[in-house]
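Structure 1 and structure 2 below are two forms of the same protein chain, each written out on its own as structure tokens.
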Structure 1
Amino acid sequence: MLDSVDIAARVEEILAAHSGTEGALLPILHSVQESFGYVPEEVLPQIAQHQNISKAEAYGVMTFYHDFRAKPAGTHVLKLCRAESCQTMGADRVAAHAKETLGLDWHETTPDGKITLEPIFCLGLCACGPSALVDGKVVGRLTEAKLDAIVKGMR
């Protein structure tokens, strides 16, 4: 676990790497989340000062976007597409199965911290739905059985 001194030092590196970038806040937040798995609230004043914006503005940007997390996700992240094309191929049914199997609603993490379940709106895999993003890897033609195998691999 990183302490706050380590975090501040790493954020300083990220900020330095983006010093010449026009409108750098999103790339900075992506880098921060990549480093820590989430965007710790304590780094927002540091980022805000670097970007010459208020802390409230930095907080406003961070919370606007679905991708940025205020706290760490589970070890594995299972994102299921909820969009129309996947719905026509049974995405709702597979999602209901996932929720029941994992005992989770959207955006929740299993008590053992292993799996986070999230909705995603369109992976561009609309001709081979239902689709999912499993720890960043694309999966098509998802079924209940395929989902069970994925979940088993995560546990």
Structure 2
Amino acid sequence: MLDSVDIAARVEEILAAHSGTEGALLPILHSVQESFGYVPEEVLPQIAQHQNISKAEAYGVMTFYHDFRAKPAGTHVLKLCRAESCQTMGADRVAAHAKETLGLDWHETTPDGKITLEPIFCLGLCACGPSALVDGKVVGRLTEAKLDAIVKGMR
């Protein structure tokens, strides 16, 4: 587990790697998330100062994009497609089942830290909807029963 000094040092390395790069905020945020699994809120002032923007701007960009996390994700990440095509194929029903089964809302993690539930917008599997991304692997034609089997395998 990294302490705040280690985190600040790693972020400084990331900032140095992007020094002089125009429009580096998003690549920096991606690098920070890749390093820690999330973007710790305490690093936003450090990033903002480096990018010569306000902390509010850095926070606004980080929170605008759904793929940036403010907290560590669970061991497994279950992303359910929320795009229109999947919705017409039953994604709302599957999402409601997932929320009820896991006892979670979007962007939440089970208390044991094993599963994080996130929305995702279009995986390009419109012909196979509803679809999901399970630990980075695409799953098509998702049903409540298929979801239950996936969740069982995660626990």
Partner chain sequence: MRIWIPRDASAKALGAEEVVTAVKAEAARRGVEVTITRNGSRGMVWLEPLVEVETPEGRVAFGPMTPEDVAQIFDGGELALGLTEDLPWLRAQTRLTFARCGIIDPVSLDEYRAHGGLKGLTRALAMTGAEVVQEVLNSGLRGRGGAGFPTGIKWKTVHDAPIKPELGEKKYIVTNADEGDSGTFADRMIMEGDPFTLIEGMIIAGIAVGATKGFIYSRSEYPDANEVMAAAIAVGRVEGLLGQNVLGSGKVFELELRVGAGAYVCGEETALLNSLEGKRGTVRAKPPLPALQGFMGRPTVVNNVISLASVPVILAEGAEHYASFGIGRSKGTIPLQIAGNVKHGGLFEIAFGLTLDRIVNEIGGGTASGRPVKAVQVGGPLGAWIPVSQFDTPFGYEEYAGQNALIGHAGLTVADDTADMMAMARFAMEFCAIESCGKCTPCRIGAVRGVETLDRIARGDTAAIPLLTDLCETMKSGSLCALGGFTPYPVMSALTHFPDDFTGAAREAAE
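These numbers come from a predicted model, not from an experiment. Each form is matched to the other, and the largest set of C-alpha atoms that superpose within 1.5 Å is called the rigid core. Here, residue number means position along structure 1's sequence, counting from 1.
Annotation: structure 2 represents the form predicted alone, while structure 1 represents the other form. With the core held fixed between structure 1 and structure 2, D112 has its Cα displaced by under 2 Å. Superposed on the core, the two forms differ at G90: its CA moves 2 Å or more between structure 1 and structure 2. Core-superposed comparison between structure 1 and structure 2: the CA of H50 stays below a 2 Å shift. CA movement of A145 between structure 1 and structure 2 equals 3.2 Å, with the two forms superposed on the rigid core.
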